[in-house]
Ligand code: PMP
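Next up: a single chain in structure tokens, the form predicted on its own.
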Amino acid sequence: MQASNRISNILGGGSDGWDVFNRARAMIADGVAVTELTIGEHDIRTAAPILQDMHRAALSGHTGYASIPGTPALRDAIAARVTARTGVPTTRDNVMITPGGQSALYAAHFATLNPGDRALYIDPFYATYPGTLRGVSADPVAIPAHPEQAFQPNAADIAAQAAGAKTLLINSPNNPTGVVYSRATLDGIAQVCKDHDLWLISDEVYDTQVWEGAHISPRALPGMEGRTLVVGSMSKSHAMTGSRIGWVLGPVDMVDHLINLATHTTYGVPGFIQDAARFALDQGTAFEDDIAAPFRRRRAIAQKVLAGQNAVALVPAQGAMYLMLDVRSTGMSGEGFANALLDAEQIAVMPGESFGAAAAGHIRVAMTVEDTRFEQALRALCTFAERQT
């Protein structure tokens, strides 16, 4: 018996990009003290008041089947937040709750693509993007964003691949590069989508982590509200990664289709978790700023450390909880550098190649350990790089 082509082809016959991470975890299991700067997991846990509200909601009986689109209270809270942040009038009918942002990404593409359709996405990319597209039986097409252009996507490059495509997936603030797409970049992307009748799927899970410039949701651009699906999540903004609470928002008719999909797949998200998410949103922007503060602080630390050396170059760190470092001066690939660094210094980072060919010769550093330990690790990384040049 064999698995379906759809599921057996999710990785496209290659690696899932997590080889260095898995090797680091194996070393830790063997008792080696490794500093992990790999995945986007906060070094703080979900705040106690959120967990207490989740506990209260569960004890009060909200443990049965919840409303499949999401509870009205949570959908209203997300709609109000989106309206306030983007200026686009949004109601609960534009919102469907999902079990995390990854589920939202899958649902958005399942709803917009037929088997075999061309699905565009920007390289560098979050590691699951191409597998998500293959998982819905689409044809993934990567559009490189070049380091020489600070990883800002070029509209002409997208347009060159847009013939016959149905969707374009973008992510700003961007994982892995830390780049925030400019208004000019987003205007160009919007024009391509309108010219070629593309659905734009905008992954905005890092919208509260902006260090320079401003986050612009492309749904707010002229002519884009009716062709944009936005993916959101509580994971990064509220340190609720394990709660698996996300959403898709878009046109009402598309959300209706997504609700039908959820009815036949996830059958909703536990009500007590939704209640806790609504409680978390009710804490306002000051709470979100507190969650983001360690990454803003560590970015400043990194800028200071990296300014004192020449072996490693910092890609503009404008948002998200990551740094993208250019290590090409060492003559090593990102993968080679990451593996050698792990062996020599017991510091684990992600190779740029894990996120696409455009990030070759780079590494991604997650700013997810305590400040002093983060600074020490970054200084050791720079010293290691200097020895290779």
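So that there is no doubt, residue numbering starts at 1 and follows the sequence shown. Everything numeric in this text was worked out from a predicted model, so none of it was measured.
Although it is not shown, the form predicted together with this ligand is what the next lines describe.
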Are all three of 207, 237 and 296 close to this ligand in the model of the complex, meaning a heavy atom of each within 4.5 Å? no
Under a 4.5 angstroms heavy atom criterion, identify the one residue in 218, 271, 153, 100 near this ligand in the model of the complex. 100
Please pick, from 181, 106, 129, 199, the one residue with any non-hydrogen atom lying within 4.5 angstroms of this ligand in the model of the complex. 129
Heavy atoms, 4.5 Å, this ligand in the model of the complex: which of 287 to 295, 184 to 192, 67 to 75, 199 to 207 makes the cut? Say which one. 199 to 207
Considering only heavy atoms, tell me if residue 94 and this ligand come within 4.5 Å of each other in the model of the complex. no
Just checking whether residue 244 would be counted as a contact of this ligand in the model of the complex - the rule being heavy atoms within 4.5 angstroms. yes
Looking at the partner-bound form in the model of the complex, is residue 177 within 4.5 Å of this ligand by any heavy atom? no
Is it the case that residue 90, even though its partner is missing from this view, gets within 4.5 Å of this ligand in the model of the complex, heavy atoms only? no
